[in-house]
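A lone chain, given as structure tokens: the form predicted on its own.
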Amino acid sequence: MTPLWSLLFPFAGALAVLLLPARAAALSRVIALAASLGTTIAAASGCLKRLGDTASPVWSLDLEWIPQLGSRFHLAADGLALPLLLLNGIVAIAGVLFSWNITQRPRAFFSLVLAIIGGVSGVFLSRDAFLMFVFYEIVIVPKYLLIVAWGSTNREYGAMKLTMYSIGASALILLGLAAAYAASGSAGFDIAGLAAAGFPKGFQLWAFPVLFLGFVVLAGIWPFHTWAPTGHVAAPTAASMLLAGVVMKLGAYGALCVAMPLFPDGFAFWRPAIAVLAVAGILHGAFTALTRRDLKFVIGYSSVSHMGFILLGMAAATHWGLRGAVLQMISHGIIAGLLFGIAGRVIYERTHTRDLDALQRFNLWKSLPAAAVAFTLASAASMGLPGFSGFVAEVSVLIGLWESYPWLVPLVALGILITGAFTLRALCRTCFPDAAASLAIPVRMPSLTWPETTAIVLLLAVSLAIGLHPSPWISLINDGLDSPVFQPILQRP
């Protein structure tokens, strides 16, 4: 099974769901789960094959597409794309399982979820910059529709804010790609070809920030991050999971694999500014999460803080830094999906509140112990405790940062301390009541369903697998970083 199936399964599943008759609407969740499983199996198969023989040529599909623009339908799956495709499939499975109770227009809901999954796979596979942009745009409309139709808190505002930021960022991406296309002599949009064009330094100094900013707005870079917590809170559970788990990674992936290789001189000039903005995002997200009472807002600002580590690893521009950035993409995707799934589906659906103070009276440790244990483990993973994926990723980023900007390490350490503080605050108020509340009789609540349990176990198992045995993931990432397009970045002093 080739990685191409990780693109075909979601779109075929979306079409199959839409074609279901109304009386068979309940089958939509089964089809969505099957398509997500197929996506995951295809990505896992590609990862195992690549690990077995890294000397073999990278899987590739290169077809004529828009010859007038020199744009080709060029897909490839290297060591960077494959683990991210696997992340997409795993989060997709968990998102479908956490949405098993959807009864309001399930065909439309699951078709939109699958469209997002397919668009994300397309971005990770694209080796033509214009094709990547097309898949990038495919993700925008389903995001908006899911939040508007199935969202909750300020859903119209959250959906519109997210969409406007996405459209503005897309305009910057298109401008940056058009400038690169024109400056290269209209040779085409092949990313490797554009990276080898050798643009003048003066051109790169303004083209790089345009293209880079277009991508990293979707990654939640400070101060263009405010769409993220608002969108997370407004979105239904599956959309929150996909938004934080994989959609935000599209921006980081585009910045890493397109903006930086195309304009290495521009990146070298703007590196210190990127590092400072990344640290500002880590600290701002952590301090803001410490003050919020809405559980999903806490997790939303936590995502902003953790995404800062990805940008920080990229700014370090060393093997340790870039490796840590990609590991953090995978780790945060798993952990954020788990936290949003537990908060939005397991806790909110039973308590009908996300207020940290109000949650104390439910005494979840006694009334819903399985959920309390799951949220405790998810919180430990989010804090980056040893044994979980976050520890491996953040340590890698910090080593890379020490090699490049050691003066920023104390500020990042402060951010890690505040992360522990707001995570423990949310955990204690959500699952462990104060003395007065603990004396009350626990509220009876339905136990975890099999889809919820399966999703929680899956995501926790992946985080533990990365944390306890990161070697396969590191091997794939190193294989991707060996690409010629990254050498001008990694070989700089």
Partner chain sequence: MFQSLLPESVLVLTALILLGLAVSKRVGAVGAQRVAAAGTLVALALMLRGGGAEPGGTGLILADPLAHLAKSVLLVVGFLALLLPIAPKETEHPGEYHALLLFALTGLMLATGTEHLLMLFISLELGSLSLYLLAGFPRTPRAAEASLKYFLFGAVSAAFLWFGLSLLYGFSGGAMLLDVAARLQSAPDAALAFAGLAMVLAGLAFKLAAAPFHAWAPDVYQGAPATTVALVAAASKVAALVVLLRILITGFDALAGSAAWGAMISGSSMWLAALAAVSMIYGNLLALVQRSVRRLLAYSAIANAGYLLVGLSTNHPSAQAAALTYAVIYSIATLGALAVTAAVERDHGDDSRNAFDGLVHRSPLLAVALLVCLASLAGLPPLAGFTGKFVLFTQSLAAVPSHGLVWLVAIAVVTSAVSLRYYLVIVKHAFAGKPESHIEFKKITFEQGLAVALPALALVVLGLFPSWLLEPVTRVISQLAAR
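Worth saying up front: this structure is predicted, and the values here are computed from it rather than measured. Residue numbers count along the first chain shown, from 1.
The form predicted together with its partner chain is left out here; the points below concern that form.
- Comparing 254 to 262, 313 to 321, 157 to 165, 228 to 236 against its partner chain in the predicted complex, the single stretch with non-hydrogen atoms within 4.5 angstroms of it is 157 to 165.
- Taking a 4.5 Å heavy atom cutoff to its partner chain in the predicted complex, the contact residue among A273, V373, A178, L290 is A178.
- Scanning A196, L411, A183, L205 against its partner chain in the predicted complex with a 4.5 Å heavy atom cut-off leaves one residue, A183.
- Proximity to its partner chain in the predicted complex holds for all of E137, Y144 and F189, with the criterion being a heavy atom within 4.5 Å.
- Of the heavy atoms in R361, none are within 4.5 Å of its partner chain in the predicted complex.
- Taking the partner from the other structure, its partner chain in the predicted complex has a heavy atom within 4.5 Å of a heavy atom of L174.
- Using a 4.5 Å cutoff between non-hydrogen atoms, I66 counts as a contact of its partner chain in the predicted complex.
- In the predicted complex, its partner chain sits within 4.5 Å of a heavy atom of F130.
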